[in-house]
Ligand code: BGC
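Listed next as structure tokens is one chain, alone, in the form predicted alone.
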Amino acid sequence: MKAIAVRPGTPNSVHLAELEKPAVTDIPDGRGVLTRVLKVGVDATDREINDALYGNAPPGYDFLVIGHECFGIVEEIGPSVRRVKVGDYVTCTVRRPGGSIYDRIGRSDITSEEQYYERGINLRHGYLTEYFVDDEEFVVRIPVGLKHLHVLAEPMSCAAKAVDQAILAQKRLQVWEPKRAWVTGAGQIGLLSTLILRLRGIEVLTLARGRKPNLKAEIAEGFGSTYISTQDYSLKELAATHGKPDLIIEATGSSELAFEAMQILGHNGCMVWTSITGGTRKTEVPSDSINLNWVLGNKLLVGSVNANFRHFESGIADLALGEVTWPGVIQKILTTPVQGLDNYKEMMRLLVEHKDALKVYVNVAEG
């Protein structure tokens, strides 16, 4: 069967590879779920892997099948499977367990090991192929009423985890009721974080470079957020006019802006970094000032990457609530379809040349 793959360590090596079709029996103890792939979302992670910034092939292969945002339909299940049935629409988590205590309790998303296993990213093949099989532990059902949002389930899980991590961490304060949040960045993670925060009744500023009118602003404001271009106001100016935020979700992919945002977080505030900045950029920061204000202000910085089964379920629940609260707004994120695995060059071209495309995804099959 066809698959879109790269040769890790070799820049611009994206190509069409061949894999054997998997079988339910590939998973032990009757726990296998065979899924026919319908759609796969791609993003900056796939572009950076093709740029050879990170990523490794699974043992025994000289290529890595990319794509970690999947949507498909179950075609066959093993005799021990209980969570899903044939005909269900599903997605899958991305991280797979290693050997740490966190991996052993189902929290591979926070593994303490340096080496990690992620489908489509590191040491495990991804979903840009025709079929995949996995243990039911990692398969998440998507209600048929949300199938039009398909590949957003995975990025939504990352946004759900980011907000959840902030709330859990802030229990250190005993009483924390955030009234004002900033989301820096209006890509898919930024917009979905905006959605989650607005569903919780929090006042949100969504910050991005582009000036209105634009699609990102339309979506953010469709969720009831205030969209502001960082070309028009500095973060310090915004803090002076709107007040310092209690919570910042940083999703720009810019390390410079991530450090700049540290300077305007309010007392007892929490900042969550979700960006992966693959590169070598260096920037100068007022380290003494940041150190002083963070210590005296009891501020907290949290890194959040990947998500587990519970974050997927939470994110899917918020997608459903968002759909009935702001009908039709979420689907606007799905901007840029590519038809078929054979069009892998066009897929990568869109990721490289059209970085403003909110969500590029491949239509692998109908279903």
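In this text, residue numbers run from 1 along the sequence as written. Everything numeric in this text was worked out from a predicted model, so none of it was measured.
Although not depicted, the form predicted together with the ligand is the subject of the following passage.
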Is residue 116 close enough to the ligand in the model of the complex to count, meaning some heavy atom within 4.5 Å? yes
My question is simply whether residue 306 lines the interface with the ligand in the model of the complex - judged by any non-hydrogen atom within 4.5 Å. yes
At 4.5 Å between heavy atoms, is residue 68 in contact with the ligand in the model of the complex? yes
Check whether residue 45 has any heavy atom within 4.5 Å of a heavy atom of the ligand in the model of the complex, and answer yes or no. yes
Give a yes or no on whether each residue among 88, 150 and 317 has a heavy atom within 4.5 Å of the ligand in the model of the complex. no
Listed residue that, although the ligand is not shown, lies within 4.5 Å of it in the model of the complex (heavy atoms), from 162, 248, 94, 192: 94
If the cut-off is 4.5 angstroms on heavy atoms, which of these, 167, 276, 285, 199, is the one near the ligand in the model of the complex? 276
Go through 334-342, 29-37, 58-66, 298-306 and give me the stretch that gets within 4.5 Å of the ligand in the model of the complex, heavy atoms only. 298-306
For the stretch 154-173, I need every residue with any heavy atom inside 4.5 Å of the ligand in the model of the complex, listed N to C. 154, 158
